[in-house]
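Here's a solo chain for you in structure tokens, the form predicted on its own.
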Amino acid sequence: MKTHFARIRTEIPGPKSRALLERKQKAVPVGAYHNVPVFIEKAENALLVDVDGNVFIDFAAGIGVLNVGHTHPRVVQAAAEQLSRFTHTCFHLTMYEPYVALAEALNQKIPGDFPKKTYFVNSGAEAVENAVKIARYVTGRPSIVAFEHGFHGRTLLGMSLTGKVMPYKKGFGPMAPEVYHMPLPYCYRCPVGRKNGRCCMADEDHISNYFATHVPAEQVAAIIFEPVLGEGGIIPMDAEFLQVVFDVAKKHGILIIADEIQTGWGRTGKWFAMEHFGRAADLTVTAKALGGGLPIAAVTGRAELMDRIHAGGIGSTYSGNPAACAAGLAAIRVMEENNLCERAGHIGRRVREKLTELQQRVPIIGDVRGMGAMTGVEFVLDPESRKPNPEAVKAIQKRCYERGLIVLKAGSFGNVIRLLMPLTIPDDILEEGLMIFEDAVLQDMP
């Protein structure tokens, strides 16, 4: 197999990217951070080409957005055809069919054997905010429970729900009121371990004690969670723990909000990660891969809940943009016709097989975990102490992009590399990327 290294034509960043970086530093605030110091000129499927002609394998997919790959012809064509008709009217002023058609598709795909309705917004954080609005409205309760290490956006309420301080919450307080954070099973870092083969937190008393010491259950409108933590370090939710959460919520009239923004649309080997757990949330928020690369997000929920909101109580000017709706419909068809859920399972098995083998040779790889094509590699100083090793992650990420591979950092301690390649990635490109990653990890090994 031809190695990817030959595709790097200049140093990274190259001269054109360096010039653009100088312009960026003068025009764009430091807070608008970049992981990789290159500027992309074009992209196709799982490959990126920068302005200097360097080609990169993409194991990030725009942070889980490009499940159908970059510039998929079907998605591009659908968006272009819609743009040639009209770009915007505002659905709340004059309506259009693609919005309704995409809502119908989500109502069919989202888990839950009950009537559902969907409306669209612009981003994942906006979807989260609106799901919370609905939960508070229909229950008449103020409080929301989220989980430690979770991520739900950067808006005031989104960062308040997020269970990670840096870089999302530091200096931006005070946080929104009536948001509480519950511990969740992080098995690799659990000091107790499983009890009789069962998660130590999968106990109704554990959650009841939380309500006794943090917020009364009868005050809680909803519990929000990611079925697999993304930014938190690719931590799949424990199935037994989740069952207890659902049982306790039902007992106390608390709604469940599933944040499927990163886990949705085939990423975990199912259309939605909740299918792995055999449960359906009252409200589900989606975004990222929904638009095939165009910005769009959605709140899908039980029809009787969604219809409780008064006319005009939800919505926004750009929500459900017609081009994004058309692109979303095309992306769903691509996923269906190419069996991308099954493909995600194949990718995940191969990636974790390779990385588990690598773990046997590299003591600083503490854990390899994930679900479908969503994999996390946690780096530690040593396997005994399990102290986080964020410096190793920074160095490995740099060595990766210098060799032509884009990977993401993650985790509350900055010590996890997150792999989210497009589900359309060819096998030979996948293997090449894994070879580059292995080489980057092994460089400093004795």
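Just count from 1 along the sequence shown to find any residue number. Please read all numbers here as calculations on a predicted model, not as lab measurements.
Keep in mind that the form predicted together with a small molecule is not shown, yet the notes after this line are about it.
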item: Proximity to the small molecule in the model of the complex, single hit among Ile364, Ile256, Ala125, Ala344 (heavy atom within 4.5 Å); value: Ala125
item: Position in contact with the small molecule when the complex is considered in the model of the complex, options Pro236, Gly153, Gly348, Gly112, heavy atoms within 4.5 Å; value: Gly153
item: Full three-residue contact with the small molecule in the model of the complex, heavy atom 4.5 Å, for Glu226, Gln262 and Lys288; value: yes
item: Region of this chain that lies against the small molecule in the model of the complex, out of 84-92, 175-183, 145-153, 69-77 [heavy atom, 4.5 Å]; value: 145-153
